[in-house]
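Have a look below at one chain only, the form predicted alone, in structure tokens format.
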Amino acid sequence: MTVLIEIKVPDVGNVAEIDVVEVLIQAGDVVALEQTVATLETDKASMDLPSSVSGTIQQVYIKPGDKVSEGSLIATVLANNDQAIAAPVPEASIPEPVVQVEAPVVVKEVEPIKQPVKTQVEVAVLESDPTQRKAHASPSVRLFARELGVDVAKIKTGSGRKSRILKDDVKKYVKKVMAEGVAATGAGIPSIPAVDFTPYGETEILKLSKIKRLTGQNLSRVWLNLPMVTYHDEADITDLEAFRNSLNAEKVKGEVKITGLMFIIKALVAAMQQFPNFNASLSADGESLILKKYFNIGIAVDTPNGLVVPVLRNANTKSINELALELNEKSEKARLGKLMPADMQGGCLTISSLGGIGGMAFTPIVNAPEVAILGVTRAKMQPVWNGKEFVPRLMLPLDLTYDHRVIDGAEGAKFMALIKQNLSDIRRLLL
């Protein structure tokens, strides 16, 4: 016996709309179990949607460019009865019983979640006139307008049928308000002029993915809105490294090895507990500080698909071995493109480590709405003066970037000094 199975969009986190980038099936196709049927994309991740059953595609309900959400119908598949869990459906609804199966998603790329900071132009757009008539626009257009901070009631006439407001009308309104705001305030930043490179040699146009475009916009927004300061220092980890090597020597084959990053996480959390401003976020109006009572640490992980930031939750309650095991599992999921959006949400402070690559120092950009980020580069042996002679010590470069609206210079220096103390003598973590 065969049954008709509905493949729907599963829960992918708090995402209102998901773009359909590519549809890989059509009616009549025979699909295998776990075969990718479509590629979906949010502002944080690109996802492969695999088929949860094998069978014949009866009908496809999406096309590239569509926007879907949790529960949206992707396709129906005629499959063997033993591949699905039967669900009673009235015969009058469809000729054969329908089983609803939510397919898992595979995350290809994820970027850290950025909280946009409203500019003067956006504030002007947000101002609404209660006397305006009710705008004629679809729910999807209204959602699109809200994401841009636009009150659709301010758009007088739409270009759609019966003056319906379309997305293009929202975009034109934003451009108009931005142009007027720049002219009025003189706060606009001159754009980089377009250049034709073809006279100098052969070129190729490579279109950026949506994730990279949005990441660039978010980084630019943070760079323009956050007054950031980067503080550079070095920590003596000679004794820590000797202890770490002794721990790994005791592990049997197959056990997860402990890296220096685990100790950095513990040292960082201990410092955050003494300096609560580093475990906070600035309110949207800039008038108050939201102090967090939990300690979730984001770890930037390099993957074939790009940089992702899985979050280790409640790091203050976990041991070195527990953190090592959790990070190893999430790093493996990241490399396989299986991280879910929820795995990368809720971070309090991020660590960006270039230790395996090299370098002496860098200036990481704060992952707003967090207020600080800790950069780590490769440790190296250096001669250090102990008051009597130079002795070889393993020194670890650290780079702390923080939001100067929340953290002042003295507090930033004290915070870094405490991290250094914790790393130089890990016994302090027991206090």
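Everything numeric in this text was worked out from a predicted model, so none of it was measured. One-based numbering along the sequence shown.
FYI, the form predicted together with ligand CAO isn't displayed, but the following is about it.
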Students should find that, of Val301, Val177, Met340, Ile155, the residue having a non-hydrogen atom no more than 4.5 angstroms from ligand CAO in the model of the complex is Val301
Of Arg244, Lys266, Lys333, Lys318, the only residue with a heavy atom within 4.5 Å of ligand CAO in the model of the complex is Arg244
Arg405 versus ligand CAO, in the model of the complex: is there a non-hydrogen atom within 4.5 Å?
no
Examine Ala368 and determine whether its closest non-hydrogen atom to ligand CAO in the model of the complex is within 4.5 angstroms.
no
task = May I ask you to state whether Met262 is within 4.5 Å of ligand CAO in the model of the complex, using heavy atom distances?
result = yes
- request: Would you please decide whether Asn218 lies within 4.5 angstroms of ligand CAO in the model of the complex, comparing each non-hydrogen atom pair?
  value: no
In contact with ligand CAO in the model of the complex (heavy atoms, 4.5 Å), from 278 to 286, 190 to 198, 325 to 333, 225 to 233, is stretch 325 to 333
Among Leu307, Leu354 and Val376, does every residue place a heavy atom within 4.5 Å of ligand CAO in the model of the complex? yes
